[in-house]
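We begin with a single chain expressed as structure tokens, specifically the form predicted alone.
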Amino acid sequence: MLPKAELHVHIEGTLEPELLVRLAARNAIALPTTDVEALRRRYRFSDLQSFLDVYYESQAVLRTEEDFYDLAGAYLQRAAGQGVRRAEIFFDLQQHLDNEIEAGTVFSGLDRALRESRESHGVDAALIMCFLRDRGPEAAMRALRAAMPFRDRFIGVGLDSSELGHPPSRFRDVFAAAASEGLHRVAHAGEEGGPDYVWEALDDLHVERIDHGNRAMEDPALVERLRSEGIPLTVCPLSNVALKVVDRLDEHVLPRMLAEGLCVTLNSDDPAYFGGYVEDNFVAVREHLGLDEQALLTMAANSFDACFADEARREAWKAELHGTSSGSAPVP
């Protein structure tokens, strides 16, 4: 398989049912069921909100530093087996604060797993704290303040959760505050919301990447801007099918994005809920969209170009990628 970076994965979205049951038992938290297959059957969604209802309910099992350590460690071990060299991982501090978990507990557990992963799995990883857009800009600013004592443990901020009715422009001030602290900025836009949400993310939040961005393809002027400025898009095909952004994978706009010369990357989003990790997304688009070896290589290379690691590491990973593609390892 190809070496790659994963730039759009929510650590809470990697909570597999088996670990969910184990953490619930550890923390004496009741679940709707402890049958793993029954839990998986709940993961059939009609839209983003129906997913978020289950997603936030499940996060109640995360209580201790060890819980967050186990969660991140399980993802990073799996990511290593999927060819991931760099992971920039979203986490929802606001939700954990609302669950009366101290910020230090969250940061300590996640950070310990990330540091150990570099040695044990060879995955270089960093954290991006997302603001929950449906909670509003004031709550986002409170979360940023709560996180700042741990500034050395995260590299950026993002914007996620329910998109419609919560445009990026509402979060202009908190993103400006994050920028003043030297934090990278990304935002979910153009998944449910239209091209105007992508414009706002660029113009009001000054983001460096757009997460999803599917509906940008409806606006030729926006497509031209994304291309000319080289703005990366962190696309999540299996997620888009699971949340009915598209009915079938073969209807996805990904081939058009590539044809337009956009900087597209492939990612898993919330893989425990959507039926596939990042390598599974590579396999799926090859099989259902007929993408050839060059397209897969391009997206893998884009992922390294789009990540927030330093240039030396990006170039080393790209050299490995090109050596893999021309050498003994097969393309997925």
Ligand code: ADE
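What you are looking at is a predicted structure, and each value in this text was computed from that prediction instead of being measured. A residue's number is simply how far along the shown sequence it sits, counting from 1.
As for the form predicted together with adenine, it is not shown, yet the points below apply to it.
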Margin query: I'd like to know whether residue 295 contacts adenine in the predicted complex, with contact meaning heavy atoms within 4.5 angstroms.
Written below: no
Item checked: adenine contact in the predicted complex: residue 243, any heavy atom under 4.5 Å -> yes
Next item on the list: Spell out, yes or no, whether the shortest heavy atom distance between residue 277 and adenine in the predicted complex is within 4.5 Å.
Entry: no
Check: Though only this chain appears here, would residue 105 touch adenine in the predicted complex if you measure heavy atom gaps against 4.5 Å?
Finding: no
Check: Picking from 249-257, 157-165, 74-82, 214-222, which part of the chain touches adenine in the predicted complex when contact means heavy atoms within 4.5 Å?
Finding: 157-165
Note to self: Just to be sure I understand the contacts: of 282, 304, 68, 51, which is the one whose heavy atoms reach within 4.5 angstroms of adenine in the predicted complex?
What the structure shows: 51
Notebook entry, point to check: So which bits of 3-40 sit within 4.5 Å of adenine in the predicted complex, heavy atoms only?
Noted result: 10
